[in-house]
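A single chain comes next, written as structure tokens; it is the form predicted alone.
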Amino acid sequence: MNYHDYLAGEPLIVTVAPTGGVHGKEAHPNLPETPEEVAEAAAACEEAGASIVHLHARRGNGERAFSRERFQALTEAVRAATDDVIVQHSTGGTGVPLEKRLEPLRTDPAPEMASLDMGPVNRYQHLTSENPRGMVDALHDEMQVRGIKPEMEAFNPGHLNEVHAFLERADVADPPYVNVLLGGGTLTVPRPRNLFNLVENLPDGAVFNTLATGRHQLPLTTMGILLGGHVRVGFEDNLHYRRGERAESNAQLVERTREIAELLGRPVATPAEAREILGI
């Protein structure tokens, strides 16, 4: 995907990550935690223009959960509240063994998509996710068996080396889908030129998504729209609408993204159009 796809008016896939697995209501009282709250947020985001919802499950006390049962309850609530949104499960985890990270892939039905972290990442003060190649391969093997589209997460430029190598050794359904992340820790330094470089080094034929955290979400996702890619917004990555002002809801961030995309000449994709673009 490239600038010509933008000029051609390629529909924009908007993914919303409404909750994440790190911060909770202490960070924002409107951040959804329970299945019912996440489902309500997902429905509002679908109506605002999101076609994919990226899900993390939580325990009753709000802490992150990895069990199939928690993801099952969450997925069922989201599917009941939404019309046709694509469900994407997170398989990421800090210090979490492989067996637990496989659990989100084993709901019934399986999620249509799941994240696949392509290498180690440090975030916040004490969080490190190792993601060795053996674990990446094992997670992808499970996705293949269950017919799940992987979203390859490149946390920094070096992870694009991992993406290229992974595509040489693994049978990944076309088109390969790469999520490029910019932000703090060992994510790519959030500068415009770095987004250009990430896009320039994608595998041939890859579809890409731009994820930028905090105050970088708005400018860098807007750049991603212009570069012909897709975008992710939501409270997992950013809690603010503008400097000094919290966003009211996840749907407000999706709505703003839709308005910007349409102003720039790209309609937002319906879930059906997103499935066609991603080969689901």
Partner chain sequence: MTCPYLEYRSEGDGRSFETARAYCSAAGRFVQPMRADLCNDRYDLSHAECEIYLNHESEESDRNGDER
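Numbering follows the first chain given and starts at 1. Remember, predicted model here, so these are calculated numbers, not experimental data.
As for the form predicted in complex with its partner chain, it is not shown, yet the points below apply to it.
Visitor: Of 268-276, 254-262, 18-26, 5-13, which is the one stretch near its partner chain in the predicted complex, taking non-hydrogen atoms within 4.5 angstroms as near?
Guide: Of the options given, it is 18-26.
Visitor: Just one of G134, G147, G95, G184 has a heavy atom within 4.5 angstroms of its partner chain in the predicted complex, so which one?
Guide: Of the candidates G134, G147, G95, G184, G95 is the one lying within 4.5 Å of its partner chain in the predicted complex.
Visitor: Which pick from V38, A65, A247, I225 sits with a heavy atom within 4.5 Å of its partner chain in the predicted complex?
Guide: Answer to the contact question: A65.
Visitor: Within a 4.5 Å heavy atom cut-off, is R79 in contact with its partner chain in the predicted complex?
Guide: So R79 does not count as contacting its partner chain.
Visitor: Within 4.5 Å, heavy atoms only: does E47 come near its partner chain in the predicted complex?
Guide: Outside the cut-off, so no.
Visitor: Would you check, heavy atoms only and a 4.5 Å threshold, whether P219 touches its partner chain in the predicted complex?
Guide: Close contact is absent here: in the predicted complex, P219 is far from its partner chain, nothing within 4.5 Å, heavy atoms only.
Visitor: When the contact criterion is heavy atoms within 4.5 Å, does G60 count as touching its partner chain in the predicted complex?
Guide: Yes, G60 is a contact residue.
Visitor: If we check its partner chain in the predicted complex, which of the residues in 153-192 reach within 4.5 angstroms of it by a non-hydrogen atom?
Guide: Not one residue comes within 4.5 Å of the partner.
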